[in-house]
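First, one chain by itself in structure tokens, the form predicted on its own.
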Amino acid sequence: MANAQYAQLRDWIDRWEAHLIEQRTYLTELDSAIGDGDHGTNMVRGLAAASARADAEVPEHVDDLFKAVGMAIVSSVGGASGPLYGTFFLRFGATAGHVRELDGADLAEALGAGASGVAQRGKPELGDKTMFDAMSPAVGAFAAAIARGETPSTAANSASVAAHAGREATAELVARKGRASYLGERSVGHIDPGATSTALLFQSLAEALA
């Protein structure tokens, strides 16, 4: 089975940053409808900081790379997104370990640890209309694909599809977390911006592992 190489994981972050830059205005529009209106700007700033830190530190192993990425995001992204995405990458790196590549099972475990970190930090549940509505099904789809014997690349494609489906489903949900929850039923009809940036995260992983 093909393994995910360090260079591909670094490329994952670069691709996510590129997608966030491309979708910054859209993410801001989504957040303006139900939040503070700064998700696009915050995420682009955070990924710029993450890339700069990774370039400066030149980490050579997966744990060091994602520690740098996670810490940069925590310190530079405002609101709930910084701590949550930062926790995701910090847990991912710590679980992956001091290695240069990950096989499918290792990658599934690291992704699962990242999602568990988000769940512990933010206490989201499926259906709360948050990033977790895209992240949880994506991580589950990845793990299920690996368990079936599929390659990390194919599993990442399944994860991306699941993340985008979860993101689309947030439109029909009533927000139960964050500023959007203040709107109650008025949040229905709006796609969650955090679920959107998460869908882009898993799309980027699929592209990097292709």
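We number the residues from 1 along the sequence you see. This one's a predicted model, so the numbers in the text were calculated from it and none came from an experiment.
Keep in mind the form predicted together with a small molecule is missing from the figure; the text below concerns it.
Contact annotation: of the candidates 96, 139, 84, 73, the single residue with a non-hydrogen atom within 4.5 angstroms of the small molecule in the model of the complex is 84.
Although the partner is absent from this view, residue 195 contacts the small molecule in the model of the complex, with a non-hydrogen atom inside 4.5 angstroms. Using a 4.5 angstroms threshold between heavy atoms, residue 36 counts as touching the small molecule in the model of the complex. Looking at residue 79, you'd find a heavy atom of it within 4.5 angstroms of the small molecule in the model of the complex. None of the heavy atoms of residue 59 is located within 4.5 Å of the small molecule in the model of the complex. Residue heavy atoms within 4.5 Å of the small molecule in the model of the complex occur in exactly one stretch of 140 to 148, 154 to 162, 59 to 67, 36 to 44, and that stretch is 36 to 44.
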